[in-house]
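The chain below stands alone and is given as structure tokens, in the form predicted alone.
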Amino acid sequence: MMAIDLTVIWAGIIAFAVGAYVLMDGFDLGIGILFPFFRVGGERDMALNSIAPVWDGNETWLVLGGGGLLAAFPLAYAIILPALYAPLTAMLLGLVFRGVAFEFRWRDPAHRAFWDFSFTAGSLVATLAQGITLGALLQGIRVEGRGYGGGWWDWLTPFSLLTGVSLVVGYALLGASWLIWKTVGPAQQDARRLARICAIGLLVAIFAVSACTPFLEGKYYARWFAFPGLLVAVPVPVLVGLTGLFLWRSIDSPRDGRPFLLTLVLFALSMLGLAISIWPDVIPGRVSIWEAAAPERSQIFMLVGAGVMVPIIIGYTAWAYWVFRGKVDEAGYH
């Protein structure tokens, strides 16, 4: 009988939570990034109405991912947090400021211009910080013994800034394609225009990050360009190119949901490429998932809770999206 590897299961749960967060919270952060490009008044109200029922629930997955990392891989948590305190703190502050601005722009119309700016600033800072965090993790974290051995500014490099800007462009495309799906009239036309720009930008960004990544760490190069990993790695760039082509053609398609779905595919392929690069490490090139894992009894105990809560979260999230599945106007969903 094949033994069950709880560590791999927990790695899958956390990867799923992080992926769900990126895909679900990415489009509302993207709307915040694009907010200045929409007309003051009806268009901006329509954009916010499109995400109002779901935006705060999307962040549940961020909590699950971060909490799961602490509980299931405490060594990784203890190393990653000191290494990335600055960008992670900036991300949390950006998310808090965005949430405050989202609520106050409706309740304090006299200062709506300030809250609109705050909504954009919070979304941009949070997204940039997430991308920088990913880049800093990919380029490697200095580990000494069982702790972080680097300096305060090790996370800030040209590569981490590249991944930060790339994620900003990617979230902006998610936001634009979401609005193509959910809005009508001038707002939808503006979203199509912005989606064309962001689609080109994201494909360029994916190419740039992918070209740099194999040279950051010897293991990355081997996993992408050595047999048998080559058999898995070669189809990914081809699929990215084909998806990008279909996405470009879909932006003006009458099937309004297609650009959003194809953008999700682009993100999924990018995350697959990331998984190919780092697996089975939780801190690339330094600590594997098995070295960082909590004791087996702890994993079993937590798995019982996750087995109950994760389906509940998926269920109420799916229900929320189903209830608010239609188009939106200035007054809300109809």
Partner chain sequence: MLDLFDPVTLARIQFGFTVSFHFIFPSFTIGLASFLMVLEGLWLATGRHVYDNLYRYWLKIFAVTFAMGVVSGIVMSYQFGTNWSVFSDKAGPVIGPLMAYEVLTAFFLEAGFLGVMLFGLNKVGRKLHFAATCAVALGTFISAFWILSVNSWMQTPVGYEIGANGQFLPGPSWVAIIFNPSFPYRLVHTVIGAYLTTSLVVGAVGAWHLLKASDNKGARTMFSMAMWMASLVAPLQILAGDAHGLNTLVHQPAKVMAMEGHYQSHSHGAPLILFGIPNSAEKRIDYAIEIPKASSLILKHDPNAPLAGLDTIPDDREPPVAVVFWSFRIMVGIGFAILGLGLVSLFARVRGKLFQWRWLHRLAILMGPAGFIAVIAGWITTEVGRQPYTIYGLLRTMDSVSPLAAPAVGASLIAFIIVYFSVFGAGTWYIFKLMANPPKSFETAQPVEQGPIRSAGITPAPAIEGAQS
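Numbering follows the first chain given and starts at 1. Bear in mind that the values here come from a model prediction, so they are computed numbers and not experimental data.
As for the form predicted in complex with its partner chain, it is not shown, yet the points below apply to it.
- P280 falls outside the set of residues with a heavy atom inside 4.5 Å of its partner chain in the model of the complex.
- Interface membership of L62, defined by any non-hydrogen atom within 4.5 Å of its partner chain in the model of the complex, is confirmed.
- Within 4.5 Å of any heavy atom of its partner chain in the model of the complex lies no heavy atom of M271.
- Contact between V40 and its partner chain in the model of the complex is not found at the 4.5 Å heavy atom cutoff.
- Contact check for A15, L124 and R249: none of the three has a heavy atom within 4.5 Å of its partner chain in the model of the complex.
- Here the chain stands by itself, but in the model of the complex one stretch of 258 to 266, 73 to 81, 203 to 211, 179 to 187, 73 to 81, has heavy atoms within 4.5 Å of its partner chain.
- Of the residues in 104 to 141, those that come within 4.5 Å of its partner chain in the model of the complex through at least one heavy atom are, in sequence order, F104, W106, R107, D108, P109, R112, W115.
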